[in-house]
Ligand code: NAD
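Quick setup: one chain, the form predicted on its own, written in structure tokens, and binding and motion questions come after.
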């Protein structure tokens, strides 16, 4: 008697989706389960490295690796396609490659930039949305410096870079720009005093929620590299010439800038909102075993999952660390369901967080211990290398890892 193998359909090859697949393929036999992974690119990119590719301190090629290098093709079918729709009632997913049915669905479609409805931001600001966008930012900045060098009547606003957002992404980008600007000035014969890098943040603080002592260190270090901060000043409009910020109740300032980079917020993928799954800003408040509420066969991982830290009654941040841990648990839970066994609760094991301030500097809170400088930078690179190792083993780590650990 023929018994159909259950189909596990995984959408997205980000940290969460790829970790799910890599761990599930270890748990099942070749003939036990059909695993299908759909991703719009044939590569995975390290989204936590995009700020380096955007600033030009790391090659875009170093940021990504082929999906097929880490999956077992005897157990996993990879489909390069863009997901277009999710019908959880009909248990069907549509993509540019056709329609796909499933027994178990894992949604890991990642983040989209959140513009908060600010006029012009979607048209005139650049965002580190993916590796291609990061390359575009790098090339745009290079173009501005090169053009300034060749203009007869030099427009100094070409050399002004505005970064919207002083969270992790914004601060890490500023750290890289602090190191990159002197190189650009040398390459394009630009006087460094002409360059202005400004961080604009609507919140009243830098790195909200991070240890204040470490935040003070970060601001001092970045300021020493020439980075300016305008905190508590929300962007209210973006135009082709720059951004307008609110300085007070009825006080505004227009900052003319050749480059505006938006790093001030993300949301889940818009397909979540169209799927019929209950969500908030395209993020799903998942059950304890990471299933979508009311859907026994649908798991949510990574940026699309909203997980509440009950100790403080606030969501856990959508970090790569948590996404990868979720992927391990989802693989185990899908395997358990296939075998008719109970699922287990996801319990985050937070080892800390490290925020880079350039290649040779960082701040971190790791296992409750504060770190700054080269020691924190070393730890940041160890975290990055560990992520590679957990997905692709020693081979991937040696090929793509960061080994200029201390300068």
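Positions refer to the first chain, counted from 1. From a predicted model like this one, the values you see are computed outputs, not experimental measurements.
This protein has a second form, the form predicted together with the named molecule, left out of what is shown; the following refers to that one.
Q: Within 4.5 Å of the named molecule in the predicted complex, do we find a heavy atom from each of 118, 263 and 318?
A: Yes, each of 118, 263 and 318 comes within 4.5 Å of the named molecule in the predicted complex.
Q: With the named molecule left out of view, which of 272, 177, 235, 159 would have a heavy atom within 4.5 Å of it in the predicted complex?
A: None of the other options qualify; the answer is 235.
Q: Work out which of 215, 126, 203, 306 lies within 4.5 Å of the named molecule in the predicted complex, going by heavy atoms.
A: For this set of options, the contacting one is 203.
Q: Among 365-373, 350-358, 25-33, 334-342, which stretch sits within 4.5 Å of the named molecule in the predicted complex, heavy atoms only?
A: Among the listed stretches, the partner-contacting one is 350-358.
Q: How about residue 229: is it within 4.5 Å of the named molecule in the predicted complex, going by heavy atoms?
A: No, residue 229 stays farther than 4.5 Å from the named molecule in the predicted complex.
Q: Does any heavy atom of residue 170 come within 4.5 Å of a heavy atom of the named molecule in the predicted complex?
A: Residue 170: yes, in contact with the named molecule in the predicted complex.
Q: According to a 4.5 angstroms non-hydrogen atom cut-off, is residue 165 in contact with the named molecule in the predicted complex?
A: Yes, residue 165 sits close enough to the named molecule in the predicted complex that at least one of its heavy atoms falls within 4.5 Å.
Q: Looking at the partner-bound form in the predicted complex, is residue 240 within 4.5 Å of the named molecule by any heavy atom?
A: Outside the cut-off, so no.
Q: Going by heavy atoms, what in 208-226 lies within 4.5 angstroms of the named molecule in the predicted complex?
A: Counting only heavy atoms within 4.5 Å of the named molecule in the predicted complex, the single contacting residue of 208-226 is 208.
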